[in-house]
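Next up: the same protein chain in two forms, each one alone, written as structure tokens (structure 1, then structure 2).
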Structure 1
């Protein structure tokens, strides 16, 4: 097993949030973009490909619909993966499972890996997507495939016969782990600095295989969750100006205002 699979998500773009009436999040008119940390996973796949020498496959499951409106966005995300490092890509699009959830996405990825006979040594993913940020999908994929799993990895130190050694950030300290292959590894943004694909890589991406599949083909059922409401969080500034030349008196007035607002007690 020398191949690598990279999980790529076309996430709702948090930089271009569309707001509808009554502060509701207008999902239909918010564009999708490749999830930021997935770029780190792709960069790491590029490095590991030189070590392992196998093929790199990108897998993406469309999470936000409808397919007709989102197809261009998700394909741009997959094309970036193909331009960057992937030799081949698989895209699951199906209105029957949209909007989907983490369980369905993981089930679809695992079913695809099995159906297409992929036998990766390593499955790479970003530790979280920029829209929902649940960090669930990589672990769920590992459980479905029966692979080892390690999350929040900030360094892949060594890949040796049947094992991979990683370092991960657990907030107060760093932890070095050795896990057996095949393994699913979710990476942090600190693992590397993603490089944009070159013009030649972008041109070559269009010639690489991109396979489309439906949830029905993979035997994946509808999600159990339903989104009742999504709202945009807005903030307003009070714009209070303290006009006081004396610094000590200005601080006293500031503290008084903060006490009135309940910030200080």
Structure 2
């Protein structure tokens, strides 16, 4: 038991929120990108791989469809995992389950781990995805597989005989815990500073196995969540930009504007 599984989500990119008519969120035209904190999970996987010496598997379930339009984005996220650390990757893509929900995603991941006979010591994930940010998929996967679970880990201190010692970041305190393996660990953005994959790593990635799977093969059913509506919250700002080589003049201009707004006491 020295292998690692890393969960990687291609999330809708919150930096590029597209709007359709009547303030509707244009989900079809908002691109996907690898969820930020999953990069920290990948970085931690490469650190642990050096300690444990096992193989690393990446798993991703496409969450937003249709597959045809999203395939490129999700593959880019999986390729990053392969370049960075993974030896093999599994990608679940299926229009039958799109747009998906977290029950389906977690069930697909757990079913995949069982079906492929993966026996990881540690499953790494981000503490929250950047689109939905519900912090539930890692715990659900742990519950389904019967593994231990620790969320919001900002340090993995030690891995020894069937146990892992971690520091967990809760609102009011930090705590150091010893948890038995196998375990699902969700990590925070503070756990490390992710390094982008090197050019050589990127080139090697295309030679590594990437297995595509459907929901049917894994026996997962359709999502039960239905989205009623998605509305863009609009707060438009004035966006007045002062570009002025003379700093005193720039500051003078700013203060005049703020004076007019009545926000200086």
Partner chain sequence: MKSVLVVSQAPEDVGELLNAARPFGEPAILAFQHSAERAEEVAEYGHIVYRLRSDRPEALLAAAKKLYEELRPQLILGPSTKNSRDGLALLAGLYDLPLASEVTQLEDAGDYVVYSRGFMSERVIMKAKVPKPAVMLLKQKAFAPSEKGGKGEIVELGAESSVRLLERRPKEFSGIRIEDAQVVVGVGRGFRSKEDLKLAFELARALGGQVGATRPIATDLKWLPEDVWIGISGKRIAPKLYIAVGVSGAPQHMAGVSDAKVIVAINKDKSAPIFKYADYGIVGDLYKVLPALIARLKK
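So that the term is clear: the rigid core is the largest set of C-alpha atoms that superpose within 1.5 Å between two forms. Remember, it's a predicted structure, so these values are computed and weren't measured experimentally. Positions refer to the first chain, counted from 1.
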- prompt: Just one of these is the form predicted in complex with its partner chain; is it 1 or 2?
  reply: 2
query: Would the C-alpha of residue 236 be classed as shifted by 2 Å or more between structures 1 and 2 after rigid-core alignment?
result: yes
- prompt: Based on C-alpha superposition, what is the hinge rotation angle of the smaller rigid part between structures 1 and 2, rounded to whole degrees?
  reply: 56
